[in-house]
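Take a look at this one chain, the form predicted on its own, written out in structure tokens.
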């Protein structure tokens, strides 16, 4: 079933009657498994508002969102027809700042809090925690530590583990690599891609890093001034025309590709997505 937006508008209430329109006429479908999506756009374009509709933290001012079969609209909200806990269990949202999600004395208690809240036994929740701490790139020694004595990257991993412990179908991450150095960023992105590949989860990442978009994304959503203006392939997104039109940063690998093409005085047949692909293409040129 996945998530489906139908003509969704959302308005933040302000000091006047008009308010602030953050989402305008959003129509969007996301599969429950198998997608790796990046969501980009300038600050204030509506990205965070969009993902908060995906697990009903926010609800539409008009239109409707179908979340795994639960219809969220003004009528269902007023009549209190919707149970939100099952939705938030199946669509996990990891906030940009892990401090928003970490509050227990130990990492173990933080990770098992969510599953226990949804009726999982402490024994089963602890078993999940021991499995998931390894999935996010840490080890069981972290379970007895205080989350507040961890590094920024480790805190992010623990906050992700806490959401994964609830076994969501869809994992949403808001700027998960912000503040990390390039090595830490790449390590964490590999964790997300492994979660997507090995656990068959749909992963949605809000990011400003075009290198992340170009290298990892299977699908890209672009928000601009409350509208969804692009939904498609990352290679098709990063044409010179689109980069200029939407004021995007050119991914580093694509910059290098352009420089090589200028040097060779001819374009490659396809756009490489990884350094390894570019090297293979250069070998073919030399041959």
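Residue numbers count along the first chain shown, from 1. All values reported here derive from a predicted model rather than from experimental measurement.
Omitted from view is the form predicted together with a small molecule, to which the following refers.
Among 46, 60, 251, 234, the residue placing a heavy atom within 4.5 Å of the small molecule in the predicted bound form is 46. Note on contacts: among 109, 127, 208, 145, the single residue with a heavy atom within 4.5 Å of the small molecule in the predicted bound form is 208.
From the list 242-250, 257-265, 35-43, 63-71, the contact stretch for the small molecule in the predicted bound form under a 4.5 Å heavy atom rule is 35-43. At a distance threshold of 4.5 angstroms between non-hydrogen atoms, residue 175 is in contact with the small molecule in the predicted bound form. In the predicted bound form, the small molecule lies within 4.5 Å of some heavy atom of residue 96.
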